[in-house]
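This document opens with one chain alone, in structure tokens, the form predicted alone.
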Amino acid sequence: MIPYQVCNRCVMDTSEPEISFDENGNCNHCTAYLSNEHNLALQSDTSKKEDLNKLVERIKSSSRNSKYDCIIGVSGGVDSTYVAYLVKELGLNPLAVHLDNGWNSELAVSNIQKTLDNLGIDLYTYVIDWHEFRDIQLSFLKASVRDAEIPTDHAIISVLYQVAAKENLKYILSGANSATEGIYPVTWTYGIADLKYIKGIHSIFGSKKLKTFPSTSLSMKDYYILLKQIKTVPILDYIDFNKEKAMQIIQNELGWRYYGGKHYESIYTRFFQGYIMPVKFKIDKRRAHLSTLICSGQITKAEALEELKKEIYPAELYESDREFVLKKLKLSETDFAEIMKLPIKSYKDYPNSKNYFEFRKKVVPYLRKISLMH
């Protein structure tokens, strides 16, 4: 048993099974974040402004014959809403894309509608086949892995690529950013891009054939990137992205409303992160988010520790979400109790493409050097 330890600099702790600490008690996650020379969140405002101006020109140049300039994903959350606001401020005309996986909260739907109406942005919504998706989500719960949210993330990315290719657009502007999400242990979430992992778990625990689930194989991803020249750009890294300031702006300018926690705009995400992760896996995912905010200078460690003292899931909301989630997944209380008691597994226990991704990390710099990849 590893003795409990919290990082001296951030709030990551030994609930991350592969965490390590240096002689000063600083963990490998914040050390890697702060020493990454490619971390755009740590670059000067002047440098980022110049890069942003060049990026906007490239986007406009790439879309001269198209109705839209770029694709943006929207979920009703802070990051994607601010991306919508930002791209309009930059004079771009995006097409917004939303994946409806059946778990949208009413507040998320309201946020999306108000944002796009106020900004005059067109919306394309992909409604997932619920029976297939329910089968995938149940498969991940039965697999007893921490990565139960990745089928949604994989489907979102796949739909964004599909729409970009169909509209012949070269840029997907993502709400992912280093300022609030730069620290994220692979042991807590692995496999967003790993279709072999998703299909592997589903083939073991699923009962339905997947016919329409939006997916992107490794070869298909290469097709989008290398042949269609589609680039995914974390545009919030090109500005001094401050979460609190961003929330104030979208609340005042767009009538957006906060939903109480990172990615809590989805009812399933709220239940998984607010109950299953801390109760079954002993993981409080707020630690990764708050540690990133510490490293990007948005809060102090003392403020992060105070935030962690707050309840992760308001009791009344938990009770209503639990009833809703179990009913929608058609799980009895006994079924769910059995799932919560299953031995904990990881991606290493199932088919995956981890070795390929490690190889790709070494090859990509060379491909970029010879201009085959951006």
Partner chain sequence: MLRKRIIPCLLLKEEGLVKTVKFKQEKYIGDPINALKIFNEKEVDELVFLDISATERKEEPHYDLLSEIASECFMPLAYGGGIHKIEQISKILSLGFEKVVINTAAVDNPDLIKEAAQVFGSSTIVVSIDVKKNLFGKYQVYTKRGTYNTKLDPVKHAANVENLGAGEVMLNSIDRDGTMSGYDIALIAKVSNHVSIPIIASGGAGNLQHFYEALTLGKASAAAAGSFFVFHGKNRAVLINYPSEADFSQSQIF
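Residue numbers count along the first chain shown, from 1. Just so it is clear, the model here is predicted, and its values are computed rather than measured.
Although it is not shown, the form predicted together with the partner chain is what the next lines describe.
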Problem set entry | Single option in Q229, S215, Q113, Q251 placed near the partner chain in the predicted complex, where near means a heavy atom within 4.5 Å | Q113
Exercise. Looking at M277, L195, I128, V233, which has any heavy atom no more than 4.5 Å from the partner chain in the predicted complex?
Worked result: I128
Exercise. In the predicted complex, which of the stretches 217 to 225, 92 to 100, 279 to 287, 242 to 250 has residues with heavy atoms within 4.5 Å of the partner chain?
Worked result: 92 to 100
For this session: Please run the contact check for F324 against the partner chain in the predicted complex: heavy atoms, 4.5 angstroms, yes or no?
Result: yes
Problem set entry | Touches the partner chain in the predicted complex: D153 (any heavy atom, 4.5 Å) | no
Problem set entry | Close approach of S105 to the partner chain in the predicted complex, 4.5 Å, heavy atom | yes
Exercise. Taking the shortest heavy atom distance, is V109 within 4.5 Å of the partner chain in the predicted complex?
Worked result: yes
Exercise. Is it true that Y68, Y124 and I267 each have at least one non-hydrogen atom within 4.5 Å of the partner chain in the predicted complex?
Worked result: yes
